[in-house]
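Just one chain is shown here, as structure tokens, and it is the form predicted alone.
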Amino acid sequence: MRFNPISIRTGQAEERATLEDLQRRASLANPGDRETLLAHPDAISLPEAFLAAGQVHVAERGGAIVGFTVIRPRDDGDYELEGLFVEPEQWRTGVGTALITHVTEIARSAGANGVVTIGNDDALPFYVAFGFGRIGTAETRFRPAPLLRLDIP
């Protein structure tokens, strides 16, 4: 199956509800997150401040939004990947890889040496395949999760 190319742009404030709906679909498709998120629907949110600051990057394919990411600078000079969400029917089609590549380019151009993220067990193989390594464990609202870092050469 051939897919249209992926383009990535900065998210817009008026897309907030659309992106939160995408986040909900992607999160509920992860078996390890489903029960918790159904019990705590407030956990799905995209702060307006992230959009206003230009920290949300949207992937489109054929004019349709197929994923997005949130990346923010950290005090230590690295960047934090605060969210990566892809429409479930677009999983394994290159959207996540395109978003991580885009995030890496943003961090590199800002002079960062790495990108840090809190992964979940369902997404861990994706992050490891991209080159993220485990640097510890982070306490999240619901449970401990792998803390990962991608070195930027």
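A residue's number is simply how far along the shown sequence it sits, counting from 1. This is a predicted model, so every value here is computed, not measured.
If you look for the form predicted in complex with a small molecule, you will not find it shown, but the lines that follow are about it.
Q: What is the one choice in 103, 112, 59, 26 with a heavy atom within 4.5 Å of the small molecule in the model of the complex?
A: Contact residue from the list: 26.
Q: Taking any heavy atom pair closer than or equal to 4.5 Å as contact, tell me whether residue 36 reaches the small molecule in the model of the complex.
A: Contact check for residue 36: no, nothing within 4.5 Å of the small molecule in the model of the complex.
Q: Taking the small molecule as it sits in the model of the complex, is residue 40 in contact with it (heavy atom to heavy atom, 4.5 Å or less)?
A: No, no contact at 4.5 Å.
Q: Does at least one non-hydrogen atom of residue 17 fall within 4.5 angstroms of the small molecule in the model of the complex?
A: Residue 17 lies outside the contact set for the small molecule.
Q: Consider residue 50 of the chain shown here, and say whether it contacts the small molecule in the model of the complex, taking contact as heavy atoms within 4.5 Å.
A: Flag for residue 50 set to no.
Q: Are all three of 93, 120 and 123 close to the small molecule in the model of the complex, meaning a heavy atom of each within 4.5 Å?
A: Every listed residue reaches the small molecule in the model of the complex, so yes.
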